[in-house]
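Coming up are structure 1 and structure 2: the same protein chain in two forms, each one given alone as structure tokens.
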Structure 1
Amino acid sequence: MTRFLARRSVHSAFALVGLIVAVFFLARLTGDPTNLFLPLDASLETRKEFAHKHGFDRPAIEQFWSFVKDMSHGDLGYSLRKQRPAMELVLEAYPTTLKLAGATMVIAIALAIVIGALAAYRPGGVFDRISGIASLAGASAPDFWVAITGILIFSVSLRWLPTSGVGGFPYWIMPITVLALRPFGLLVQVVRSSMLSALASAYVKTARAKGVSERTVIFVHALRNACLSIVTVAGDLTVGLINGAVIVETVFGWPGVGKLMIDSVIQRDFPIVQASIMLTATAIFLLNIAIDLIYVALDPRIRHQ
């Protein structure tokens, strides 16, 4: 296991380096931030002073080398707009995204396991057909369309829920609902498929022959052996949410890292963009390691392999 973790760490380090290089140079292709941060009537001397202060008048290679040297000392630069450390701003926004992603995945996984398992228990039945239609609709519905439609119906017309921001329970309902639709739809299909294979296996037939209750057969014997594929898909979907629920955070004004990243790209606040990408990539790496450890806990045979 130690060798495995070391190998994964080395591979992730190379990927992170490549990502940093790509983000640094691609961000600068969006244009010169000087035109955004200074008024239109700013003098040429003022523009030159601003560019020199932030190093924009130097070649991109020199800027990158300075960025690498500062990063080696834990300095990812200051936000051009807010004049605060970039990593500090990203760390302030990240917990909000993590809370939203965590609540979304807990609800989506719990509902998908129950509904997928019940659908697999009677394949072809009424419940199976209804759950299949609902899951396909959830997996296919565009996030931005559902979000805007939800605001139009529940916020503008009915005035039941707030349109944006963070606060009490009502503020969480629409963002979580919109974000959970796609994970829920995909996971229901995965759970149903895995459970159908598990319920047809020999050990399930043996358990039933011994008089084990159907609830125990479904949610203990079959579900545990179907969990590997469920964990795989759930892990990938969680990574997607941690990567920044950009659309949902932007539509609902959710002050997470996804909205911060979009605002920074539009404003060409390069330090914020770079810090957001680095922290997100590190979080994804750690999450993938955690998923691999869950594999081992669910199936000890993986440890020997």
Structure 2
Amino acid sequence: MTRFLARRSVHSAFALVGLIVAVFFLARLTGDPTNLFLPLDASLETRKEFAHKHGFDRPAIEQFWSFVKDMSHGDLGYSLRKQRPAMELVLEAYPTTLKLAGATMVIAIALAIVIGALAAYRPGGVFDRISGIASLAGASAPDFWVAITGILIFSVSLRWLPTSGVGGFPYWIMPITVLALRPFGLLVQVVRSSMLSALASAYVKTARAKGVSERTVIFVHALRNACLSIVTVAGDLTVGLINGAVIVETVFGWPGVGKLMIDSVIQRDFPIVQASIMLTATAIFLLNIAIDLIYVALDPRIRHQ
């Protein structure tokens, strides 16, 4: 078990470090890094001065060391536009995103398990076909389009829900629904297929031969095994959820990391973009370790390796 966890953590850490290195060098390789930090119409003098002040005229390796040193102090650069440390701004935005993502994942997983399990119980049946098409549609729908169509119907026409912003329960409904569509659609399919193989397994036959009720067979014997692949996929989908969060936050005006990042890209505020990436990569690193821990807890075969 320790070996499994150690190997997985090293892999995750490797990915984290690799990404940091990649972002740093990519930023330097694209030519003049001042382009990334300064507005496109900045004068040549300003550029030179800026480059010198931030050491862009020094060798790349030297820059990288000071970059790593700063980062280890939690210094991820300073937003010129907002006149504040980038890290502070990103950390402020993070809880909003985490709340949105957390609520979305909980709802998506819970719904997907129930629907996927029921679909797998009678493969080819009416429920299976309907849920199959619905989940595919969920996974295929462009989230930004669903978001603005939702606004059009529920906010503009019916005036039931607010168009955007943060607030009480009504403000959460549309962002969560839109954000949950994709992970929900994909998870239903994963739950269904892993339940199908679990239900066809010999241990399910044993359970039935023991006279265990069908509900226990599905929701205890089969589901508990199906959980192993569900957890793996749910972990990947949580990472993918950041993609959706960028769009949903932008459309619904949620002050999270996704919106912050897109705004910064449009305003060409590189320190914030960079800090968002670093912190997101770190969050994903932690998430991966958490997933591995859950996996170990769920699968005794790994635990006793």
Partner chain sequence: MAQITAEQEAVAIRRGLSWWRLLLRDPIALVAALWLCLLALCVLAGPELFGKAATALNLRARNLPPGSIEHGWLMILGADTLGRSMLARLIVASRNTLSIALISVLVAMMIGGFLGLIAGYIGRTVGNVIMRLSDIIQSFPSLLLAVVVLYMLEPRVGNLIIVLAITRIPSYLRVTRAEVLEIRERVFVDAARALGGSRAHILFRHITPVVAPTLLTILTVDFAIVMLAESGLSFLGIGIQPPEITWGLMVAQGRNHLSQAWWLAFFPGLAIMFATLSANVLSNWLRIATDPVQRWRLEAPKGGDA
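A quick note: this is a predicted structure, and the numbers were derived from the prediction, not measured. All residue numbers here refer to structure 1's sequence, counted from 1. Rigid core (definition): largest C-alpha set, two forms, superposition within 1.5 Å.
Taken from the structure described as the form predicted on its own is structure 1, whereas structure 2 is drawn from elsewhere. Fitting the two forms on the rigid core leaves the C-alpha of residue 284 displaced by under 2 angstroms between structures 1 and 2. The two forms, fitted on the rigid core, differ between structures 1 and 2 by 2 Å or more at the CA of residue 49.
Relative displacement of the residue 10 Cα between structures 1 and 2 on rigid core alignment is 5.0 Å.
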